[in-house]
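A single chain, nothing else alongside it, follows as structure tokens in the form predicted on its own.
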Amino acid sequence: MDDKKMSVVIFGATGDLTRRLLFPAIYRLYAHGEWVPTRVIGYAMEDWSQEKFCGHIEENLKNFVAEFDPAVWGKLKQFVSYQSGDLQVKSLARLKSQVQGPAVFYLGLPPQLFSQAASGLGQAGLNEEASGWRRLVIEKPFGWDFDSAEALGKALEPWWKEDQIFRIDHFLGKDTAQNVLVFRFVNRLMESVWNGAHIAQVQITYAETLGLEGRWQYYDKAGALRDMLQNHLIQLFALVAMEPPSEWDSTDLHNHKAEVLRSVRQIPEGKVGEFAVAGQYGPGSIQDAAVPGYVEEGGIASASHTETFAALKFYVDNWRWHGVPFYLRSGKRMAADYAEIAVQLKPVPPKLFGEGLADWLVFRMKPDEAIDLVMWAKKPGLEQETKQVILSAPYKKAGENDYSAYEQLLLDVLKGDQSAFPRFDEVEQAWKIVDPVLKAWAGRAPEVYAAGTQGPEGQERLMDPGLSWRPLGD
């Protein structure tokens, strides 16, 4: 296949996603020699000229790419064009003359337009693969609940095969997510203890000090549960809990992830409060600066019940994880920008050195990416006393290229590798897990927590006896 005939069509090309993430990723890949000369066609409603579109992209590249080089952009710009149009079939059909050969259609659109765009492309014949493969990329959210996810799947089904659909979850492009699998399945020592006989609990945390940052229209409809847990954190959970695949194959990988998601115990109706906690940030301070509460933010109604913090506990009913609680939480305006997957081993008997001591294996995602093994050793001196030691392995060394999640995932789309893209049955199962919580929370006010803190106090009630949340940034 001649790569020079390949086209990448970005819908919503004048929008925020394109300027902040997609074009910076394309630029960096091109600058590093990873992106072959490929036609990039911007498509949006705005009646812009090609010169205006390229000027818009250049201005934003200067803001979002630290190493921006006008000479590199001058070369890449030769492959960039722009076409204005709506999502009607007649308008989309005008792309056929420009798209001949392999093509990617990236829907950087509001989620309510996914179905219309996907079906319109199909009706225009742009899904047909007579002259080369055709791939459709969809950003989250994949629905707003189980029913809407099902509706989206049915809208795509007549026009796009599952092997043509790439559902982007940028967390799965992060080194941390990919390293969970490598660390588990390459190191024999890990597999021997990766089960309920040795593991006490698993915590997956994604905390932000940021507030809405201009995303209030989307966020006030979504909330933390839809925005973070249903997709990103549940996908990370699946990587931690899945069975080992027999080979590195996307179908095998998806089968094992779907299997463990099906094994998650359904949250009992009427007992959601024992398994889920919602919070909403109130006034507080971040880095000694006063910040308003959520309902005081511009655009937010004073009676909004949208949760800015969500925590879940669930169990996996299979042999490997019997009795092990999994905790997932994410929140805005928290005490630290910190994200991790933390696996706690069960404590040793307390007789030898007093209290029973437990080890932690921590996959850190931010503020930097690393693996920490938290263990215990003897303190220097004459007494037999213990101290905590941390063996830390950073992912990136000086001089190594640092690729963003979008860069990794864009390359995977071009290669047709679906390993890091959730399959539809994974999306369905994730919605089945959170749907009872969404229904229970509807119309209920979340617990208020002060901005800049560890989150709502109610999250502690989720913890099994003897367990506690790790402090943010611990």
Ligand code: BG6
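If you're wondering where the values come from, they're calculated on a predicted model, not measured in any experiment. Start at 1 and count along the sequence shown; that's the residue number.
Keep in mind that the form predicted together with the named molecule is not shown, yet the notes after this line are about it.
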property: Selected contact from 172, 138, 238, 228, since only one has a non-hydrogen atom within 4.5 angstroms of the named molecule in the predicted complex; result: 228
property: The named molecule: the contacting residue among 221, 90, 215, 198 in the predicted complex [heavy atom, 4.5 Å]; result: 215
property: Every residue of 208, 232 and 332 near the named molecule in the predicted complex, heavy atom within 4.5 Å; result: yes
property: Touches the named molecule in the predicted complex: residue 366 (any heavy atom, 4.5 Å); result: yes
property: Proximity to the named molecule in the predicted complex (heavy atom, within 4.5 Å), stretch among 297-305, 284-292, 79-87, 163-171; result: 163-171
